[in-house]
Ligand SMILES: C[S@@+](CC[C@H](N)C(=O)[O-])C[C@H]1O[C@@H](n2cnc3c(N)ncnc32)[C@H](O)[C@@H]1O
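What follows is a single chain, given as structure tokens, in the form predicted on its own.
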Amino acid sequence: MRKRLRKTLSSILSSGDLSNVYNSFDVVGDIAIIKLPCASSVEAQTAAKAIMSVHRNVKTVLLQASPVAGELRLRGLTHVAGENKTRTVHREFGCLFSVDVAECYFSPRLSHERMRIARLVKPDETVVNMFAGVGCFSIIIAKHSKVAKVFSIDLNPAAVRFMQENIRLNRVYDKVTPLLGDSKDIINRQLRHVADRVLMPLPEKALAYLPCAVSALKSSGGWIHYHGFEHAAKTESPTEKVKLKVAATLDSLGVAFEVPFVCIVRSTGPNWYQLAADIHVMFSQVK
């Protein structure tokens, strides 16, 4: 796909711009979302035709008109080709996710990370997902583990509506509890010391919310799955940088912990990375 799409666009984009095309290309259900540097409508139409000719399941192509931004993590989208819609159903590891890509944040690029976490969940655990979106992590855990309960929190009312729909689609009513609101408020009010495992798949807020994640863990400790953004020059290690940030916060809380696993989930720009860290908390003074 990379070669065919770039070859199609090579006559209208510079070599520098062409290198950005594939890295910004996502398919959510039957919707393709592209990002073209300084794209004209002609360039976008050409890219859309190339995508639809190769991916026959794609019914709609949207152009990302603005970066993901704001508290709800939304991006501007412009219709380019095919059906004029933003709602679709995405399939992942045997689960169905109804989503409106204009109203909810959704990244198909985290699919393997979602399954990696699901495989770590032990029978009868209680999980708190602090930034659940339309419920992808929560539902994949519910379908692919013997979890007892997943409390699935998001601040976006539209995302919670789709999460409720996805709970019905995947028949996990008894395992996933959707909660609307700021995860810090909800945990402080009703979910302190209940979790064996806490998910933090929102890099923009994870460090600031880390103390709250610790307070959600049972007094016996547990696991926190942390996502963060890191900038690292060629001489720096992004994995070591995220470890240092996490350690500084947890040391200030009086937490006994270890970070046995850190990996780069994806590159988000020149020298910028999204990383996942598994934090094992043994005990804490957080009350």
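Numbering starts at 1 and follows the sequence shown. Since this is a predicted model, take the numbers as computed values, not measurements.
As for the form predicted together with this ligand, it is not shown, yet the points below apply to it.
inquiry  = Just to confirm the contact call: exactly one of 75-83, 118-126, 200-208, 168-176 touches this ligand in the model of the complex at a 4.5 Å heavy atom cutoff, so which is it?
reply    = Of the options, only 200-208 has residues within 4.5 Å of the partner.
inquiry  = Can you pick out, from Cys212, Val101, Ala142, Cys136, the residue that has a heavy atom within 4.5 Å of this ligand in the model of the complex?
reply    = Looking at Cys212, Val101, Ala142, Cys136 one by one, just Cys136 meets the 4.5 Å heavy-atom criterion.
inquiry  = Taking this ligand in the model of the complex, would Val28, Ala50 and Thr88 all count as contacting it (heavy atom within 4.5 Å)?
reply    = Zero of three within 4.5 Å in the model of the complex.
query = With the partner left out of view, is Asp196 within 4.5 angstroms of this ligand in the model of the complex by any non-hydrogen atom?
reply = No, no contact at 4.5 Å.
query = For Phe131, is any heavy atom within 4.5 Å of this ligand in the model of the complex, or not?
reply = The answer is yes: Phe131 has a heavy atom within 4.5 Å of this ligand.
message = Using a 4.5 angstroms cut-off on non-hydrogen atoms, would Val147 count as touching this ligand in the model of the complex?
response = So Val147 does not count as contacting this ligand.
task = Give a yes/no on whether Ile153 approaches this ligand to within 4.5 Å in the model of the complex, heavy atoms considered.
result = Ile153: yes, in contact with this ligand in the model of the complex.
key: Residues within 4.5 Å of this ligand in the model of the complex, restricted to 47-70 and counted by heavy atom   = Residues within 4.5 Å: none.
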